[in-house]
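Take a look at this one chain, the form predicted on its own, written out in structure tokens.
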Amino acid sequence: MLGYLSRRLLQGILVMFLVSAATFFLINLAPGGPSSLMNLNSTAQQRAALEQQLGLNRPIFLRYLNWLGAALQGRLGNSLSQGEPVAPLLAQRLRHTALLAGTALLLVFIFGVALGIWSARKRGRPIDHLVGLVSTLGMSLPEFWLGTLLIMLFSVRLHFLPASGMLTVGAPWSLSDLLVHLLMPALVLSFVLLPNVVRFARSALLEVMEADYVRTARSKGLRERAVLLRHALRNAWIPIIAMLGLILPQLLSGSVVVESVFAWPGMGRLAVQAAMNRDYPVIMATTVLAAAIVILTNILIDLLYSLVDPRVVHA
């Protein structure tokens, strides 16, 4: 187990190095520059002095090595557009994204597994086709369109939910205020991810329900509910858990769109603003952090396999 974990960590470090190098070279080789350098009121001498101050006049390979050395020491630099240190700014936004993504992921697995089980038990019946239709809609509707539709319905017309933000401006903090702001973004993000879990849960359960040990349990006179919970569902968890590693990148990319639509102050919206402003330090930090989250989550999922199924051994 320790050898397997060490190999996965080394692979993860290599992947993060490649991601950081590719991101650094691509954003620095792209035409243009940071928005702070494109001020029309500044003179050529002022822009040259600012380039020298930021180190943009040095060779790109040397700049990457300097960034890598500072990042290994926990120094991610300052935001060019906001003038704040990147690390605390990113930590604050990461908490907001974790709240949104965690809520959406919880909704996805609760309703996704339930709908998958229900659809598998009602295979070929109208309810199975209805669940399939809902799954197809979830895969077809883009996040920005669905989010805009909900804003127009529940915020503009019905005045039932706030249209944007995380909290009401000027109002004291309250859990109810946070929840009403969280409701629409979490629903949009979870609805887009829901079809994957539903389809995997349905397919895994249908495959397990045809196994010999399930037929043996039924022949012993066990109730269908006991067969489902004790035998079938227990062995169908592995492909369902594997879905977490597959939908996590989609969850992070979807949060970028959802946070932009609902003005949710998270890491995704920060990344969009940094890309528009050519804020190099923030772009690097958000990209590397997203890669680290995906890598660590996949390692944890692999380790979780052995807990769910003792037959899985990591050599």
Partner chain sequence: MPSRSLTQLRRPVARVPGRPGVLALLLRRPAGWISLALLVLLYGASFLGPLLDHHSATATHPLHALLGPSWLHPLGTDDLGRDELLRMLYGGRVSLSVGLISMVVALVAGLLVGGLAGYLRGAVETILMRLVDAFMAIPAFFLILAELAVFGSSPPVVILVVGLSFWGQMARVVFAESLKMRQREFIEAAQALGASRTRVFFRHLLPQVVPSAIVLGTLGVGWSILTEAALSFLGLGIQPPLASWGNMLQNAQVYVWTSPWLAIYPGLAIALAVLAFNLLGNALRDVLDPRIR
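All figures in this text were calculated on a predicted structure; none of them were measured in a lab. Numbering follows the first chain given and starts at 1.
This next part talks about the form predicted together with the partner chain, which is not shown.
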field: in the predicted complex, Ser306 touching the partner chain (heavy atom, 4.5 Å)
entry: no
Consider Pro281 of the chain shown here, and say whether it contacts the partner chain in the predicted complex, taking contact as heavy atoms within 4.5 Å.
no
Q.
Residue-level contact is defined here as any heavy atom of the residue lying within 4.5 Å of the partner chain in the predicted complex; does His181 satisfy this criterion?
A. no
Does the partner chain get within 4.5 angstroms of any non-hydrogen atom of Thr297 in the predicted complex?
no
If the criterion is a non-hydrogen atom within 4.5 angstroms, does every one of Phe144, Met152 and Ala271 touch the partner chain in the predicted complex? yes
Within 4.5 Å of the partner chain in the predicted complex, heavy atom basis, the matching stretch of 104-112, 182-190, 130-138, 74-82 is 130-138
None of Ala21, Ile301, Leu9, Val15 but one has a heavy atom within 4.5 Å of the partner chain in the predicted complex; the exception is Val15
Students should find that, of Thr148, Gln92, Asn235, Thr168, the residue having a non-hydrogen atom no more than 4.5 angstroms from the partner chain in the predicted complex is Thr148
Contact check, 183-216 vs the partner chain in the predicted complex, heavy atom within 4.5 Å, ordered by sequence, gives Arg199
